[in-house]
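Only one chain is given next, in structure tokens, and it is the form predicted alone.
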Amino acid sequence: MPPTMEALFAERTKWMKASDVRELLKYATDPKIISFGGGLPSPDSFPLKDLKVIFDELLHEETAAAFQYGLTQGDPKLRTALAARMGARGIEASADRTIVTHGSQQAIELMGRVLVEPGDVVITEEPTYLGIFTALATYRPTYHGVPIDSEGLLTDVLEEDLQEMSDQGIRPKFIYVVPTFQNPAGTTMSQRRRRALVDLAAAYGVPIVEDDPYYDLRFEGEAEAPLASYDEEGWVVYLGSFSKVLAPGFRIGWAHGAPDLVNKMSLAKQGVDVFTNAFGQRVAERYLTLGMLDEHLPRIRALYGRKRDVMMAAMEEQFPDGVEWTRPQGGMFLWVSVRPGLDTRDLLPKAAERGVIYVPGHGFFPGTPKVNHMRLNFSFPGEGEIRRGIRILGSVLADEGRPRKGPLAVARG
């Protein structure tokens, strides 16, 4: 029997906890389960024919550069292509201010590694992407949540909070937001709030970490410019990812920000993994440079737009009165609010027993959770699975009592 190592664990391991999404994996191995849980792209969205062309090109390169060690900051050709991509979104970007990471999740972790001391304040939306809590767990920040509504972060509340912190001599390390097709709520921050947020960051000297993995997944409405496009002083750190528009298995993301911050993140990354997957970087660069991404995006948008419509139509038909939900114009998720007092974590085993899972809303809150929410993913399951899964979930909710249904105007509990 192997020895136990628990007595040797570092103190910081006490703060490491699996996210609610990771915990759902115990259900995901059952083929009979319909999963609305993970943030998985549809396998039908993977550009397999394009990847075959790219693989063939890389396999026949004389130098076999795609299989060699690379620069910690990232492949220069990819960083140049990313700078051009960000420039097309209105961001004043450059390759030397860009670092390629193993997904944008690593970029968040590196931000914590170079900026956060125990007790430092990190401001997030409420609810927010739950991955930030695992990324920063060992750095032990103090989270401060700011509510959101259908226009995104409530910047008037944020201004009051920043002023109060300033009066107390507290300077938050950064403000973390997912402004476009927010995870988990699916909402998109309005232009006026984007401008206000950037102005507040400059006024109080607090960086913004803009996590923007869903920018290209708009299937309805007009695009909103990234926060970074309004940034004239360099307070916005912009994160992007190929996981939702190429394939998550490559684990290619990036961060763009102030030169001193990117340099420090690069130093931190050297001690973590030396450099990002070279083959994946070359694949991503070819996918961009050859124009394959832009050719493929309409297919992904159409696919996810149909799936969202199927899910919302099924919810309208199957969910009992008292249940509300957001109506995302893109992305991969929507946010469901059930009647107050009903705990969606307690409800999950009952739903799983009948063959459907979701993510309870608890883990998305930086403070005391509001327990009557759940996140549903519409990108991964097939349309038939969505209809069946929503029918099952509706029956589970109906069993808990029936007190009005309809689109949710405010993503607050």
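Residue numbers here begin at 1 and follow the sequence given. Quantities reported herein were computed from a predicted structural model and do not represent experimental measurements.
Missing here is the form predicted in complex with another copy of the chain; even so, the following discussion is about that form.
**Q** If you check in the predicted complex, do Ile99, Phe219 and Glu224 all have a non-hydrogen atom within 4.5 Å of another copy of the chain?
**A** Zero of three within 4.5 Å in the predicted complex.
**Q** Counting only non-hydrogen atoms, which stretch in 288 to 296, 78 to 86, 135 to 143, 335 to 343 is within 4.5 Å of another copy of the chain in the predicted complex?
**A** Flagged stretch: 135 to 143.
**Q** Against another copy of the chain in the predicted complex, would Leu40 count as a contact residue? Criterion: heavy atoms within 4.5 Å.
**A** Close contact exists here: in the predicted complex, Leu40 approaches another copy of the chain to within 4.5 Å, heavy atoms only.
**Q** Hey, in the predicted complex, does Met312 get a heavy atom within 4.5 angstroms of another copy of the chain?
**A** Met312 lies outside the contact set for another copy of the chain.
**Q** Mark Pro248 yes when one of its heavy atoms lies within 4.5 Å of a heavy atom of another copy of the chain in the predicted complex, and no otherwise.
**A** Pro248: yes, in contact with another copy of the chain in the predicted complex.
**Q** Tyr238: heavy atom within 4.5 Å of another copy of the chain in the predicted complex?
**A** Contact with another copy of the chain, no.
**Q** Another copy of the chain isn't shown here, but in the predicted complex which of Ala93, Leu71, Met165, Ala196 has a heavy atom within 4.5 Å of it?
**A** Filtering the options by heavy-atom distance leaves Leu71.
**Q** Which residue, Glu160, Asp260, Asp321, Glu317, has a heavy atom that falls within 4.5 Å of another copy of the chain in the predicted complex?
**A** Comparing distances to another copy of the chain in the predicted complex, the residue within 4.5 Å is Asp260.
**Q** Any residue of 92 to 112 with a heavy atom within 4.5 Å of another copy of the chain in the predicted complex counts; write them all down in order.
**A** Residues within 4.5 Å: His102, Gln105, Gln106, Glu109, Gly112.
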